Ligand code: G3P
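Only one chain is given next, in structure tokens, and it is the form predicted alone.
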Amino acid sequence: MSTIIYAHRGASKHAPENTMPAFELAYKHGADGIETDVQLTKDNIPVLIHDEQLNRTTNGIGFVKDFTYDELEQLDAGSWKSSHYKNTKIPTLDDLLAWNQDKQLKLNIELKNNIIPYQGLEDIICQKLVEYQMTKQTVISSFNHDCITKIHDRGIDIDYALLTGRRNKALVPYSKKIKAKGIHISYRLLSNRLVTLANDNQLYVAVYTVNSSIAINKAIRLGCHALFTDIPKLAIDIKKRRLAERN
């Protein structure tokens, strides 16, 4: 099995996170997939931004949920990273799905509803994935495990994963109980024992966010199904080198 390399919020080490330039750069560098975060605007448009508030990654102030998309579209989501990215926009989920039509990268969509319980978020996201015919290459994850159950109850053929950064001896049985397909864990939780136990229970393990050569090598060596990195080019190069050494 070859470890899937997801560009965490795009190639976010070198371009503003969760923006089209970051996704374009990740594609250029050869990432297998894109990881992104989804929240809802005041008018229920799914937009790609990590924080519930706008302050860190845009020139706006306030909560995403309190603005319409037309209002958010006026914001600059790139200058905080570099003047080169001045006037970069907050993308919608539609922007990403349309862009990916010809590329067919794998997608990991994290639902950001663990702090703000966006009503109907699960249904909106699933409907978009069906509309763009991207259910097969998409995994949905969330720290809000209730939403994982909601997705399962919808009966949509899409993979979803438990997302956690907490140590839990019952992590594998709990994941099976909520019918997750995989476990997305913080790197500090990664161990050979956990990967083996998960695989023995027909669960995969993916690890976030690994940016050093040592961490990337460990994730690949332990047979992680996927890893999330801000520097996809580094991870791709390491994976290629390891494959070459085997051959």
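Only a predicted model underlies this, so the values are computations on that prediction, with no experimental measurement involved. Counting begins at 1, following the sequence as shown.
There is another form of the same protein, the form predicted in complex with this ligand; it is not shown, and what comes next is about it.
Here the chain stands alone, but in the predicted complex its contact with this ligand, taken as any heavy atom within 4.5 Å, falls in 109-117 among 109-117, 149-157, 122-130, 87-95. This chain lacks the partner; the member of L163, V139, L171, L72 within 4.5 angstroms of this ligand in the predicted complex by a non-hydrogen atom is L163.
Remark: all three candidate residues (R9, D37 and Y208) come within 4.5 Å of this ligand in the predicted complex, counting heavy atoms only. The closest non-hydrogen atom of H50 lies within 4.5 Å of this ligand in the predicted complex.
Contact annotation for W80: none of its heavy atoms lies within 4.5 Å of this ligand in the predicted complex.
The shortest heavy atom separation between W99 and this ligand in the predicted complex exceeds 4.5 Å.
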